[in-house]
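Two forms of a single protein chain come next, each set out by itself as structure tokens; they are called structure 1 and structure 2.
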Structure 1
Amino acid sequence: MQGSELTRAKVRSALVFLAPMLLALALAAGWPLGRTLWFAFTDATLTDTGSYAFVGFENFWNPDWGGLLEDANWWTAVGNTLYFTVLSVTLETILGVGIALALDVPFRGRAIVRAAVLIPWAIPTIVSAKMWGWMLHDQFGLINDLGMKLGLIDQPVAWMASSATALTAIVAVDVWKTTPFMALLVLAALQMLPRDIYEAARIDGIHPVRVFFRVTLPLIRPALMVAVIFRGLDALRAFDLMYAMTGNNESTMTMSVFARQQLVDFQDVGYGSAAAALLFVMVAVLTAAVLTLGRVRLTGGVR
């Protein structure tokens, strides 16, 4: 039959079309990831990745020097990463929903406002880090100047010097930078909602706050959950912001910063890979959970 002949030809060419992409992905992702996972069980060093020995789980747990599971710095990094992820994603979600609700209202100049809101998202993370680093400067920074003029603080605060404020300041920068992303995703979901529900609610005289919690939030919940989960997975691997604002400082170090420091600065490929592998496993488990929960939605749309 001609139809099945065409189907076979299509399947054949599909495989040919996929091959270059799969090769590129294998080269850029598959092979390096496999090697990293392998290195996690070796004592490889950066100076000579050619000669190393298999050491089993010694990078993770080691009777002589403890290994990753007894490394206080690693646990600090884990704590920082979780603190950063939970706090920044929570704040972004609340602010993002708020901004999206405001932008969902038709008003003159809305297009310009929406464009302005996108600006922080367009700015490279390193640039955001440097801009805010300058604004948070202990002696010449704008934040201290404003805070003193408004009477919020008595004397300049060295935001990035103390571990209590540095991580919170980093969260603030991340919230500034990624709230627009959240706001846009929520706005897209809001704009797909049927308008007549709101009309009905307004005529019935239901308070807007009640409408939000009873109608809007349940309707946008699926889109919001996806956005929150994806932002969360993104925050777990954060590197640029911390590295550019505080370098390898322990008090703000995330798991990615820790892994890179071991790998590059301390040349310990085995140990650094072990840390990277643990982070990978964490993200992979969460990703698998997300994909399983969202499976219908993700592949259901493909014809």
Structure 2
Amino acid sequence: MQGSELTRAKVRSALVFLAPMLLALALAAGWPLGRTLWFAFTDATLTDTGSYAFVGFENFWNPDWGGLLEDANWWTAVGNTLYFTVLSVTLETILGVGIALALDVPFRGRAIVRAAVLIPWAIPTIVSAKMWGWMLHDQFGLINDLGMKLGLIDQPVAWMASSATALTAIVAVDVWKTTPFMALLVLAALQMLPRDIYEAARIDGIHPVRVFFRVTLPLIRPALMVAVIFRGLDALRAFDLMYAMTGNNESTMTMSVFARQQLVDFQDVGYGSAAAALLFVMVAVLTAAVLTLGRVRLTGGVR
């Protein structure tokens, strides 16, 4: 009984300490989100956001001009976003685990290598975008020059101008920049594993690959799932890298870039808010699906 009273007292204390943060979160995130969802059902424009009318679901679908659900550019942006998310997060997870395993092995200069690996992640995204924009330049870029010297390509490739290569090039830049984030989280999980398990496996003569799949991977799975969810959420709302490297190019346009174009360039607050609302719903649904299918508990660990 005393334990229950003590638990309730701890819960009350925790709620008191969390109250200011929850209030700040409601003001900083809840209010803008609520306004965006409301504008999605209006015909508001950027020229006069104080004068608008409620139009129901007409921004999403209507028999006259189709709406967002029949907008080919919107579905192109959805496809680009899903392609970017799946490919970049998959590559970053595989490479991040590999780099973390390498950095977990003791060797001379490991601290310097660990710090050097984090450099791409520390560089601001806009700087990375401009730097890789010059490296991928079709006439003066380092990538074309190196590829031609190695015999990989016969002539310079317009990486960012071609719809066939632009999005893949952006994925490559994102993988270069964000893989250290995945490696850092996985390395932290590896550092927490008990070493006597590996010593016992070594004495029993178990192959290292089998030890990885039977021991290491299951033990780091909770941290790995959290890292994948974080990166997935970040990739689904990707904006800065695409916009800095290709602007409003349709072949690389993500859902965030599409919403910005409608809101700012076309000043259609209602239509742009509808796109932002669908992006929010899609992120929420995919996150719930990953948490359910991955059996991840938000209170910690994996079911």
Partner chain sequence: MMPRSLAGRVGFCALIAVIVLFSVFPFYYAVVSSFKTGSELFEVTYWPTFDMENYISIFTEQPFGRNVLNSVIVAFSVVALSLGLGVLASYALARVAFRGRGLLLVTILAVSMFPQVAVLSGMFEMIRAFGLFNSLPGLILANMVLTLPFTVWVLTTFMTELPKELEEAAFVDGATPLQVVRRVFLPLMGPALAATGLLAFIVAWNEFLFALTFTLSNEMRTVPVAIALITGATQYELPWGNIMAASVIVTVPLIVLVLIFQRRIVAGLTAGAVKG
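This structure is a prediction, so every number in the text was calculated from the model and none was measured. Quick note, the numbers are simply positions in structure 1, starting from 1. Think of the rigid core as the biggest set of C-alphas that the two forms share within 1.5 Å after superposition.
Inset, instruction - Name the structure that matches the description of the form predicted on its own. - result: Structure 2, not 1.
Legend entry - Core-superposed C-alpha of Leu27 shifting 2 Å or more between structure 1 and structure 2: Yes; Leu27 is a residue whose C-alpha shifts (by 2 Å or more) between structure 1 and structure 2 when the cores are overlaid.
Inset, instruction - Report, to one decimal in Å, how far the Cα of Val285 moves between structure 1 and structure 2 once the rigid core is superposed. - result: For Val285, the C-alpha ends up 3.1 Å from its position in the other form.
Inset, instruction - Determine, in Å, the CA shift of Leu18 between structure 1 and structure 2 after the rigid core is used for superposition. - result: Comparing the two forms, Leu18 shifts 5.9 Å at C-alpha.
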